[in-house]
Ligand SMILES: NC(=O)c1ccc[n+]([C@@H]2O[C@H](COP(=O)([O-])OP(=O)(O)OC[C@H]3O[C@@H](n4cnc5c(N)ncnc54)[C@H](OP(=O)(O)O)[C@@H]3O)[C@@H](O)[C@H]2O)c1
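Below you'll find only one chain, the form predicted on its own, shown as structure tokens.
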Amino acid sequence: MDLLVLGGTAWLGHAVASAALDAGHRVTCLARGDDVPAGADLVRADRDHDDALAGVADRSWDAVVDVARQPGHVRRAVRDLEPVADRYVFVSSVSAYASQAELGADERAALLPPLAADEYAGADEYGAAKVAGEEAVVAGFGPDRATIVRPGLIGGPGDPTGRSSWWPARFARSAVGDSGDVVVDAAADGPDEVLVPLAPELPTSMVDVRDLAAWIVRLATRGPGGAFDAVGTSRPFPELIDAARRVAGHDGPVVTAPPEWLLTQGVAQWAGPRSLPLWIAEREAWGMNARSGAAARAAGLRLRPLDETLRDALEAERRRPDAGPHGSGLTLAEEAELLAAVPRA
């Protein structure tokens, strides 16, 4: 198969290109950067330009995989590639749904109105931008030649957000080895105690980037068309914490903090600075991590165990040449301050 990956240098696009190469396909990446997998051809282009696809629109493609965020990028790619490509796989997001409140919802749920502009201005328009991309692909290629993949949280080795590696890495910093000494996996020791949100009912879900990439290649190879929620198994937040502790070898003390107290202390949810990653206090957002995913599994999505994803994310974190923190999570100093102040029974 001749596969065109629009991207291929960032995390998921790179994983898709690598999975396609591993499967024996011929891969060309169109990207601004040059960090594509060994064995892939590279066409340098900036998709902000109207003629960005000129270098790949003069040959035939069995499939295109597009991870674009901006609607204008997708609209121009559909315009230029529909005559020369058999299938188009567009990676959207569960953020495309109008509501994240319902638990167990599937692909029949209502979507946001599509963004009319070619670029989205802020994070609150991201979901609408993805809907606009979806509509462009289906309108151009038709329902049989278009496949829409809506991932939930993507995790695993190389996670640039740090969301899937933060908890196992944090527990590893306070894990106790056979000698009784604290095992240090960062420049500074973590507190002996680890602060964890009290969230027994919060659903979490994570799809491993490698499983997602391999499945996207499968869809590009033989379909089917349609839309699929590519999500991991939904499980309560404490189960994710237990898995992170297992892979880190942590059996030390954990201090739980009420969500209301964390919010008053300025602790952010989900991701970003001064956050406790993957924690969500607002129940109206819980459905994002509790979607059905049955259609994707029926179409061949295979999910590895959560422990394997977290363990490999931790190992990749240990190998990072830059040992500094990601953009998500509490610093050790912030956590120590919160532990000193947290209400205890």
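The shown structure was predicted, so the numbers you read here are calculated from the model rather than taken from an experiment. One-based numbering along the sequence shown.
This next part talks about the form predicted in complex with this ligand, which is not shown.
*Asks:* Indicate whether this ligand has at least one heavy atom within 4.5 Å of a heavy atom of Leu332 in the predicted bound form.
*Replies:* Because no heavy atom of Leu332 falls inside 4.5 Å of this ligand in the predicted bound form, the answer is no.
*Asks:* Decide whether Asp307 counts as a contact residue for this ligand in the predicted bound form under a heavy atom distance cut-off of 4.5 Å.
*Replies:* Contact with this ligand, no.
*Asks:* Closest heavy atom of Ala336 to this ligand in the predicted bound form, within 4.5 Å or not?
*Replies:* No.
*Asks:* Flag Arg311 as yes or no: does it have a non-hydrogen atom within 4.5 angstroms of any non-hydrogen atom of this ligand in the predicted bound form?
*Replies:* Judged by the heavy-atom cut-off of 4.5 Å, Arg311 is well away from this ligand in the predicted bound form.
*Asks:* Whether Val64, Asp106 and Ala220 jointly form a contact site for this ligand in the predicted bound form is the question; each needs a heavy atom within 4.5 Å.
*Replies:* No: none of Val64, Asp106 and Ala220 comes within 4.5 Å of this ligand in the predicted bound form.
*Asks:* Which residue, Val56, Ala68, Met288, Leu301, is the contact with this ligand in the predicted bound form, using a 4.5 Å heavy atom cutoff?
*Replies:* If I apply the 4.5 Å criterion carefully, the residue I get is Ala68.
*Asks:* Just to be sure I understand the contacts: of Ala295, Ala45, Ala281, Ala316, which is the one whose heavy atoms reach within 4.5 angstroms of this ligand in the predicted bound form?
*Replies:* For this set of options, the contacting one is Ala45.
*Asks:* Using a 4.5 Å heavy atom cut-off, which of 126-134, 81-89, 111-119, 245-253 contacts this ligand in the predicted bound form?
*Replies:* Correct option: 126-134.
*Asks:* Going by heavy atoms, what in 122-154 lies within 4.5 angstroms of this ligand in the predicted bound form?
*Replies:* Sequence-ordered list: Tyr126, Lys130, Pro151, Gly152, Leu153, Ile154.
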